[in-house]
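Encoded as structure tokens, the following chain is the form predicted on its own, with no partner shown.
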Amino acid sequence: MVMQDLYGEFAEYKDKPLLSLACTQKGAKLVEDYMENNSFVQVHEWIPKVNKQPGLDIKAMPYYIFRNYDYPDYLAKASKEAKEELLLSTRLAIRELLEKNDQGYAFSFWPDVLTLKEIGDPRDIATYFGLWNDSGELLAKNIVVQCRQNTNYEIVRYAAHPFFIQGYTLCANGENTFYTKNKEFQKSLNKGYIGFESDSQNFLYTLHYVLHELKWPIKYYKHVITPLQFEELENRPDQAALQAIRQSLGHLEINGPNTIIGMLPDNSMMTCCDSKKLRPVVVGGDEETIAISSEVCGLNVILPDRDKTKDIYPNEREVVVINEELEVQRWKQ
């Protein structure tokens, strides 16, 4: 799961980058040394009190560490872009350091964002980390959760949804048969587009590229991943722009049955489907909570008393966004 807009244990540190680690004791020391050598000053640490009762189906790491840091002094007057670049570079360096020594995993390093991933039965993982307990330590306004491991490739923690990069979070239900085409193109676009342990990571990297790198509005994400056919563009006023997208970003088109659920840096959440609507998704809520679920049974569990007649079932040609005020916005492609 990825939690954003944190409260509880992290309420006082919302502007401090938060590093999410699963590692060995040696891995923890490697990270401590790296951060110290690169002028990051630790200001807070939270280590969950785990439940090691017998019989839990979980391949637990020895340590789970969540640390807030002050930026290095030389960034005191730096731009937002410079800070974002440093946080990305730092996470990639820590990931490489831990991988090289087989000592752990670095999932995210970003202000007001916490990432927790593990291999095992989701119910037992929740028991192990005390997620069933209402202790008040782990609280957030926005949460993206996937309750299963990846199924297409070897099961590894980096392949488990959700995926995160620079404030963008995404999970998916389905598959991307254009995985290889997407991957080879994305490798050239950004140093953060690495790993590719799951074909669903392509969806995240394209979301980040369209919104963060190209700085386009969210509605154009759908035009990149599931572009309209050329004959559909002929009578549109934005024909030239959409044809240019098809021609220049064709390698980012996706295919196959899938539903995408994402969270953006501004705390809004979004969803869209493949161009044939081969996977389900539903949006529903009440006065206090709105949720997106790949299947309606998920909403029935967490929001059983909502007005089901107001549920939204996004179609194959739209993007649905929930903003921070819980307003639902819909863009037709």
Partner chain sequence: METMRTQEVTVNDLPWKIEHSTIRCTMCGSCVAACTFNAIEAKMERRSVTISTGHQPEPMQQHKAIPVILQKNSIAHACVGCGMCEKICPNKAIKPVRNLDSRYNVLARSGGTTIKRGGRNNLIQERTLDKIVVGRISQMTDPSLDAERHVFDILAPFGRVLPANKLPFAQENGELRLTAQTPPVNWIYPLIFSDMSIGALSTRAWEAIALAVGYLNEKHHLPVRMSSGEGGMPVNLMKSDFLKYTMIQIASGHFGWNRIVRAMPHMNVDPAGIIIKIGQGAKPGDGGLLPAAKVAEHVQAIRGVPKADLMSPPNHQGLYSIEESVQKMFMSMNAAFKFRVPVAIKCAASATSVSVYNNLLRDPYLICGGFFIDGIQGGTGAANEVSLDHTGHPIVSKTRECYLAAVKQGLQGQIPLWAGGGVGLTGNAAADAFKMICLGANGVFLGKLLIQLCGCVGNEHGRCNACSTGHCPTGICTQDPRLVKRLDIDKAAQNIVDYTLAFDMEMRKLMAPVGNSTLPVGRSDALVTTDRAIAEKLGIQYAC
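Because the structure is a prediction, the values reported are computed rather than measured. Numbering follows the first chain given and starts at 1.
Beyond what is shown, the protein has a form predicted in complex with its partner chain; the following relates to that form.
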Tyr220: touches its partner chain in the predicted complex, heavy atom cutoff 4.5 angstroms:
yes
Even though the partner isn't displayed, in the predicted complex is Glu175 close enough to its partner chain, meaning a heavy atom within 4.5 Å?
yes
Flag Ile245 as yes or no: does it have a non-hydrogen atom within 4.5 angstroms of any non-hydrogen atom of its partner chain in the predicted complex?
yes
Taking 4.5 angstroms as the cut-off for heavy atoms, does Thr180 touch its partner chain in the predicted complex?
yes
Interface check vs its partner chain in the predicted complex: of Arg123, His251, Lys83, Arg157, the one with a heavy atom inside 4.5 Å is His251
Quick one: from Tyr168, Phe129, Phe185, Tyr105, grab the residue that has a heavy atom within 4.5 Å of its partner chain in the predicted complex.
Phe185
For a quick test of understanding: in the predicted complex, does each of Lys16, Lys49 and Leu88 have a heavy atom within 4.5 Å of its partner chain?
no
Option from 115-123, 209-217, 67-75, 94-102 whose residues, in the predicted complex, bring a heavy atom within 4.5 Å of its partner chain:
209-217
